[in-house]
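Just one chain follows, in the form predicted on its own, and it is written as structure tokens.
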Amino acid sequence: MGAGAYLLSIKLKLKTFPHPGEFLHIKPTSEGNDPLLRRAFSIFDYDEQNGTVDVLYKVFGRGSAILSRVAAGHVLDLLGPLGNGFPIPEKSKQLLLVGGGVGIPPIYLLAKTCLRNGHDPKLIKFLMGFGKAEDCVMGERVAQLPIEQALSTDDGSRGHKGFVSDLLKAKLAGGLAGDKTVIYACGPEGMLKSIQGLAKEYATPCYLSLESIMPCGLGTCLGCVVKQEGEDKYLRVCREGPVFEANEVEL
């Protein structure tokens, strides 16, 4: 796709349309045990007719770099779909969808699912945040949806100069706050923490999809835990999540 972003289409016939927020746990190579651990990737899209699952990602480390070199016809070792996804909202709700960079995939799938279910497009607003203009390639598929969209870049090279949380705050302050609205977000932890604070400030329901390294993906290794808000206990991102209510976790 460019800008260090990759789109991987996997032949994987699912029994039902994937639930937005679920992920695939992929072994970067099918040869040997190096690297040993799988990598978690949110499901971006699903083509029911062709039976293909799309994964959108950027190269951040050795595992994703190896995966980026996979050629057509290669057989991948994977588990999934895994995890608990976003609760599907009532059709009367105003939706504020926020995706930051590689956090866009599960939010896109949520928007598509809501439209498939008959949600009024006028009630869906998709806010995207990127580092710079060239990163906006990750939002190309979002741009095809018949919903209101806005984007920001850290350096101001496209759209609003600043953070995507600025766009969200403007929507909330402009009259969309309250229990008739639901915020859904996925992205870097700093972004999610800001959105968590805005949801509390404007008393608006909010769900966050957390990004984490998930060594096992099944909840046994405890390598992806997050502290539960107000409790002396931890939740597993791969098992209890990756989606949580905003007031459920401590970021």
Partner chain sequence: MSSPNLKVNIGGVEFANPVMTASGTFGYGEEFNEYIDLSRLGGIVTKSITRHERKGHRPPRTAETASGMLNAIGLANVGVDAYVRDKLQFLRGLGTKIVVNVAGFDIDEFIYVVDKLNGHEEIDMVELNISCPNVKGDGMEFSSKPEIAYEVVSKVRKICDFPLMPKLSPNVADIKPIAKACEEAGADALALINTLYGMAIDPYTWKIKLTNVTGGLSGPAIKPVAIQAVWKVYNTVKIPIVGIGGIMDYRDVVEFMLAGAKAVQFGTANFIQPDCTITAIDGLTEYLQQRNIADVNDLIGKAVKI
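Just so it is clear, the model here is predicted, and its values are computed rather than measured. Residue numbers count along the first chain shown, from 1.
One more form of this protein should be noted, the form predicted in complex with the partner chain, which is absent from this view; the next part is about it.
- Annotation: in the predicted bound form, residues 58, 188 and 210 none come within 4.5 Å of the partner chain through any heavy atom.
- Taking non-hydrogen atoms only, residue 33 approaches the partner chain to within 4.5 angstroms in the predicted bound form.
- At a distance threshold of 4.5 angstroms between non-hydrogen atoms, residue 220 is in contact with the partner chain in the predicted bound form.
- The partner chain is not shown here, and in the predicted bound form it never comes within 4.5 Å of any heavy atom of residue 170.
- Shown alone here, residue 19 lies farther than 4.5 Å from the partner chain in the predicted bound form, counting heavy atoms only.
- Of the residues given (145, 76, 79, 133), 79 alone sits with a heavy atom within 4.5 Å of the partner chain in the predicted bound form.
- Comparing 172-180, 147-155, 121-129, 79-87 against the partner chain in the predicted bound form, the single stretch with non-hydrogen atoms within 4.5 angstroms of it is 79-87.
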